[in-house]
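Just so you know, structure 1 and structure 2 below are the same protein chain in two forms, each on its own as structure tokens.
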Structure 1
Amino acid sequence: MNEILVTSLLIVALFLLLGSGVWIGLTLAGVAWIGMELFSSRPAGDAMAITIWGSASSWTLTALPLFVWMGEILFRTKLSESMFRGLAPWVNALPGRLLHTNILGSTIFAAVSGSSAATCATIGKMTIPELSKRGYPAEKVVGSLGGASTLGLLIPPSIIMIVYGVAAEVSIAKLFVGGVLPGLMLAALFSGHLMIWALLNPAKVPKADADMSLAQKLAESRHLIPVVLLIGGVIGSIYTGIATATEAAAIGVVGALILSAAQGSLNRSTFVASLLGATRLYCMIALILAGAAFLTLSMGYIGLPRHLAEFVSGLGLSPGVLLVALALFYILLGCFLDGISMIVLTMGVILPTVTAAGIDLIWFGIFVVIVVEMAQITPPVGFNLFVLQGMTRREITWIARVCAPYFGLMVLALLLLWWFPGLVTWLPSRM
């Protein structure tokens, strides 16, 4: 009973602080301080200082600002234009035609970005004007972009996987590799949905562009070479064991700078803008992580994770029922918090329960990332919905509705991962 009262008090404090507009990182630290000061004998001040310093000085976390910077550099290059030119000739023959550029473009950019918002903004700037001009239905253009851009979280390198890896103390390199096959599977499900829709509604699909010969298609594909090389350099160095995730992030930054210089878009202003943009984003993430680390310590002293794990274990839930409950919990939480906050806020409580249920933590990491992807397109706090609203000036409810089919496809993906866990675990086991 005491644990329920303590938990209720901390939850009320959390939502009061969040509702009053306090930054998420400071809110987490504030709730942790309240909990430690009121319900434990450990002095809160020195515990907070030691924990925040420890979380900020983590070598593993060094990969995060580097991948953020890499995405910022590429965001300011001509990469999007080159990708469209390289992809368009190959998708004209598919049902749905150029709508697949949203799927393929997001899949490719996700492999060099790590952020769903950056993927959505970059690919959207390229495809929305082009597809609208050619007469493709707005609901399919925006919906496929909103769904596919969430792949920025799943296909490595992924910022949120780094956050989970640090919180769960599992190999970030194995998480990255574990996300490859599920990411490609989701992209295939998204494209399959577009094909079925196009076959059922042929009148809504504009006519194909002029046919190109194989030689012309290959000539246009040369625009994809730089990004393919960058993806190969980052993921290949991790998979072969040549580099750790942090070292691969440094390779990605150097590669992005070279790519940007080769395209003629690297100058003093773009370099400074990318550096400042990455610094702002990382500082926000680092503050959240520091607050979450202190909250985890505080809950450990109070004993909430242990009591919760004992409670859930006492319910006797099977791993399958537990995962369904956690999926519903994260989807609900995603209506109010962004993905990184969801991960860092809950891992200290959830992981002991998941470990006790015998669920593989690499597999669970991919499971959580897909659920967080679903939260990116659920109102009221779906980050991708906000990005799309800014680009299209449409109502957020309309955007959420056209993205809804992709939410359903992610549910299907979770079921497939449960039935075939090797989709996640096979590649990491071969490293």
Structure 2
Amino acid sequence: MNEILVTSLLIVALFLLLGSGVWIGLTLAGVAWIGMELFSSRPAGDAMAITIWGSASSWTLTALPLFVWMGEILFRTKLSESMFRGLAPWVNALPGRLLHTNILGSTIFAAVSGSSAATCATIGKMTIPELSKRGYPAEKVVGSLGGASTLGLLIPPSIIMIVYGVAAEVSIAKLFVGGVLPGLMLAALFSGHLMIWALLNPAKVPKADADMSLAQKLAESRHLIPVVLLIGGVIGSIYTGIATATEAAAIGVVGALILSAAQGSLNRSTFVASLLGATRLYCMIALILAGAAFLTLSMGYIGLPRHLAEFVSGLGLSPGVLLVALALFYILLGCFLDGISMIVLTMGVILPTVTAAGIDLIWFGIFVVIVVEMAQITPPVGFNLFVLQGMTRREITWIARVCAPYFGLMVLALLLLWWFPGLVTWLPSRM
């Protein structure tokens, strides 16, 4: 019963602080502090400082500020405008038209970036202003970006898969490959959703441009060359061994600067504006990450996620019911903790149960990654929601609402993976 008391108290504190307008990163730190002071005998302050320093200076995160900067540079070029010009004639016939750029862009960028926040910030910088200018409804623009950018986790490379792979001692290479088909399937589900919505709401989709002949379409495609070169260069640098997945972000920044110079939009003032804009956007995310790191530490001390996991593990459920229970458990946890913390705090307890139930650990890894993707867009603590709030200035409740359909589609994806486990296991088994 003590557990329930602790949980309710912390949740009340969280909603009280968030609701009264305390900044989100500080709220998380505050809740963590309250938790440590009340329910653990450790000195909160020193532990907080070590942990926040550790997360803020961790090499693994360096791709995030760089990708954010890349987005800010591209935002000040004609790149997104020309990309949309090149794509428009091809998607005219597709219900939903240019809305699919969020899905396509996120899927491609996910092959470069291992984090969903970076995917969201970089793609959003290019698509949100352009799609809004063309009159696409904000709810679909923001929602599809919020949903699709979580693919950054599922399509390799992926930070969360590395964390899981180390904890579960499964091949990270196989996990990466295992994420490819489910990632494409999710992208297809998202696009399918947009098409159905567009067919049902034809009035809400802006008019198509004039029809073009194939030759004209191909000619318009020349506008895609810069973006293809840029993304191709970044992906290429990883797969040719010039850069690691984290370092590729630096190639992205340099590529964006070159592109910006080639288009003539690079000058002192745009450079400074992109630099300061990126520093602020990164700083906003960093404060939340700092609070989240401390909350994770506090939860580690209090042992709440661990005890919940022990409870689920101790129920002696059959594989199917166990997975349902785990999905609910992670969705609930994902409302309050970020994905990596969830994995780190619970895997030690959950994995033996999962192994005993005879569930394939590669398959379970993909299952966990999708559940973590869902956590990115569930309130009150969802990193994609925060990034989108920072970029659009909308209320977080509105953003969570427009992202909700994509949450539902991810639940559907979990069911599909349960019915067709081969979607995950087939490719890795051929390695």
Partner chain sequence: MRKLLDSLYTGSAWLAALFMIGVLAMVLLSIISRVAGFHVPGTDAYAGYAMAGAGFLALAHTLKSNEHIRVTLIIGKLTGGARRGMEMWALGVATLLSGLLAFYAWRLAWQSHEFHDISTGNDATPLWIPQILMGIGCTVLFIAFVDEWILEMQGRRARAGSDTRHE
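Here, residue number means position along structure 1's sequence, counting from 1. What you are looking at is a predicted structure, and each value in this text was computed from that prediction instead of being measured. Rigid core: the largest C-alpha set superposing within 1.5 Å between the two forms.
Point to revise | Chain form predicted alone, by structure number | key: Between the two, the form predicted alone is shown as structure 1, not structure 2.
Practice item. Answer yes if the CA of F190 moves 2 Å or more between structures 1 and 2 after aligning the rigid core, and no otherwise. Key: F190: C-alpha displaced by less than 2 Å between structures 1 and 2.
Practice item. Kindly check if the Cα atom of E395 is displaced 2 angstroms or more between structures 1 and 2 relative to the superposed rigid core. Key: E395: C-alpha displaced by less than 2 Å between structures 1 and 2.
Point to revise | Core-superposed comparison between structures 1 and 2, F15 Cα displacement 2 Å or beyond | key: F15 C-alpha, core-superposed: shift of 2 Å or more.
Exercise for review: Align on the rigid core first, then pass along the CA displacement of N92 between structures 1 and 2 in angstrom.
Suggested key: After core superposition, the C-alpha of N92 moves 2.8 Å between structures 1 and 2.
**Study point:** Per-residue Cα shift, L224, between structures 1 and 2 [Å; core superposed]
**Key:** Taking the core as reference, the C-alpha of L224 is shifted 6.5 Å.
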